[in-house]
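In structure tokens, one chain follows: the form predicted alone.
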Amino acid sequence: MGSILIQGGRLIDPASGRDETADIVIEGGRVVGVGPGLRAPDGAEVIDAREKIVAPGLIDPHVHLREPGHEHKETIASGTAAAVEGGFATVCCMPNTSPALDSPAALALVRERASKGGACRVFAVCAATVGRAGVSLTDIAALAEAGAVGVSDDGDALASSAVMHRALEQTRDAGLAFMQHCQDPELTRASAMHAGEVALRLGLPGWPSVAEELIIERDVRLNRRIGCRYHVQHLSCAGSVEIVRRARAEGQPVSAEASPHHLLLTHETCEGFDTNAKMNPPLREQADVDAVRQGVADGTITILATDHAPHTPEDKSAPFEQAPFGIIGLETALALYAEALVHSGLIGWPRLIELMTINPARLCNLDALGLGSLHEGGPADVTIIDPDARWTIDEGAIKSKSRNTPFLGRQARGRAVGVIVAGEIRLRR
């Protein structure tokens, strides 16, 4: 493992409050120097980062790597290659695999495969219930001991209030965050897209915003006396932003994430029955997009996460009602976040880096490992960003095994040009 000098970049490390021109020296997989005018160790590789942003390695706390069980859609190898292409040094994979990640053995399998074929760090979020069936709780304490970094039945909400109550208690006791997929199953049965004028025009069953809001409201009330760290995944509508805002103002340990598609697209993208625009939760109305953006700007939403959900072209070629929900996002997220939030003037790059580094690290307890920040003695995970790089989202350049995204052909601005994971250069653009 060689030495590296990253020279002359704009170092943005929200964890320490640093935003300055500085150099970084890496040796043995650790950061050994941070500051101006550092000298390269003998034989070190020098990376010229002038006019670039140098940030802690980006972290995505919500991805679907599909392995085990759905390797035709994605594998740990292909998904982490896509992550590095997008600038991520760490991803946290969801438990809706086959079998579900509901046992220490399942977590060990993911860890083993990631260690052999992963391009970046991989941590696993464990299932809340056995088989993700929503009935019997997993042994959350044992799963935490086995390395789980969060608890979720993502893909489904815990519909039973009694089960959710126990899950919050046990997740709290294990020191993890509960990451809820907020969807009332009764209100969304057979629904294909947002309940609005586009669904009416297309003759598709509608998915009301209140189906998301009700789950969040219930969970917040259940959690008032429990005090578990409660996290709302892929928040999509204005009412949900307001519930989270109120809970946080009351001092509850509630956080939320936004995904690129909910910051940029509306239900109108589904016109023409475009299944690449079919996602869960669905694309909603412009007022919802505006509210989610404002939630990021005012600090209600503290994390950005892609919900990277690969599907094959054959899956997505089914009629709209039968096609699966989901969109890939790892390779395009950084530029899309910048478009929605930075280039629009809502936030600056330091805030965007915070939403993609130290905040998700704290959610998943990865800050205890030194991830999410750049400091002497810490792990050498670094993302180098060209904030002005202009590029086209090209289907032929995608590293993921799947191509399901409505953003193909979009002109983008801002891109990772370098990724270092544990002192190893994984991306050099």
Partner chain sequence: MTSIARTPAPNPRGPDPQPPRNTRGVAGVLALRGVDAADIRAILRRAAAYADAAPGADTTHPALRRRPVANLFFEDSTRTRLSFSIAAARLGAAPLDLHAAGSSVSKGETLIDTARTVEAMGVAAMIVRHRCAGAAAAVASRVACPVINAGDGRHEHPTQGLLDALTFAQAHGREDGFDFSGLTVAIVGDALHSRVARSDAAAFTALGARVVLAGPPALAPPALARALGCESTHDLDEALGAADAVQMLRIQFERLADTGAIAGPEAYARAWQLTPERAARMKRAAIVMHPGPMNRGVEIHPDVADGPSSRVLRQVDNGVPVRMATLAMCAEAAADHA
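Numbering follows the first chain given and starts at 1. Keep in mind that what you see is a predicted model, and the values were worked out from it rather than measured.
There is another form of this protein, the form predicted in complex with its partner chain, and it is not shown here; the text below is about that form.
Here the marked residues Glu197, Leu200 and Gly203 all reach its partner chain in the model of the complex, each with a heavy atom within 4.5 angstroms.
Think of it this way: in the model of the complex, its partner chain has a heavy atom of just one of Lys316, Arg111, Arg245, Arg293 within 4.5 Å, and the residue is Lys316.
Segments offered: 316-324, 348-356, 83-91, 278-286. Contacting its partner chain in the model of the complex at heavy atom distances within 4.5 Å is 316-324. Under a 4.5 angstroms non-hydrogen atom cutoff, its partner chain in the model of the complex lacks Gly251 among its neighbouring residues. Residues Gly272, Phe273 are the members of 255-290 with a non-hydrogen atom no more than 4.5 angstroms from its partner chain in the model of the complex.
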